[in-house]
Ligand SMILES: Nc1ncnc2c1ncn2[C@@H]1O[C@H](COP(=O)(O)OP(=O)(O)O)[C@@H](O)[C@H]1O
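Given next, in structure tokens, is a single chain: the form predicted alone.
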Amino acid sequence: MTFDADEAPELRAAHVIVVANEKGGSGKSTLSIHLAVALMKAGYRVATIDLDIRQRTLTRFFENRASWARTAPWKVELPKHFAPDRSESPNRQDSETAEFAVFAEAIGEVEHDYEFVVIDTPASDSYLMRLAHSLADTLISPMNDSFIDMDVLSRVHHDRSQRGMVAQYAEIVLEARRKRRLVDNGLIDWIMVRNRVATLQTNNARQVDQTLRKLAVELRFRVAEGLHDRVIFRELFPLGLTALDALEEFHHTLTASQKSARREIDALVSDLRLPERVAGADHLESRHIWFEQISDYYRDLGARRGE
């Protein structure tokens, strides 16, 4: 994969963030929730799309948040939210056509008026899941500190002749990247987020980290630290709140866990290197600056591989 700085990409105004991984239980919805809220609290106009049609965790959270907002003692930020339904047509082509139309309508509604679109996806290979990947500017793939989670990226096997083969989910991302370059000369910045990392480093965790960083060069992704498995995330879900909300209104002061949760979320958003506001520039101009910076990163990565 090469990046030509002289070829300007055809970027939409909205920056599309897709949270995806074919491995279930990796924390996709939790990351989607906290990322959307963090961006809204930073003052950005945010839309969210829930493509996890069976679970609907993102949708349930924002339903809870909207309910809380009606009587909340402080301002509660809400995104423009979409929860498209899966087509019931028995014909696959008709089903995909209908799903594409609904998804395209949602994107069309927000791509000019919103600065970020956060898309939560199901833990399965589907038409909508692949469609979301093709639109991603930033692709976030959370994973647990486990070789089981890593096996969807690169084959984990005791036999060296089979070890390291590109696995099914990585193939989906690589194909999405190839198509993206052909369609609008864009790129997909892929970030692997190590989620639920144990406080104490185990030998397994160190081995996972070493293997992941080797894969980062081969598969062209970045590695970021995610969120720990905190009780506070589960406790606040029924209220539609996060650790970023004004919890001080309840307790007058934040607990150590709440402070740590806020630091984790802030650190993750920083590591994602999303487009930022630039004085005198609109969001689309900021997106082009982002594109140049991320392109430089991948060019340097290619240079280190001798390409």
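Fair warning: this is a prediction, and the values are worked out from it, not measured in the lab. Numbering starts at 1 and follows the sequence shown.
Below, we turn to the form predicted together with this ligand, even though it does not appear here.
Of the candidate stretches 24 to 32, 266 to 274, 63 to 71, 38 to 46, only 24 to 32 has residues whose heavy atoms lie within 4.5 Å of this ligand in the predicted complex. Exactly one listed residue, out of R222, K179, R196, K80, brings a non-hydrogen atom to within 4.5 Å of this ligand in the predicted complex: R196. This chain appears without its partner; in the predicted complex, the one residue of F233, Y114, W190, Y169 with a heavy atom within 4.5 Å of this ligand is F233. Residue contact with this ligand in the predicted complex: L227 places a heavy atom within 4.5 Å of it.
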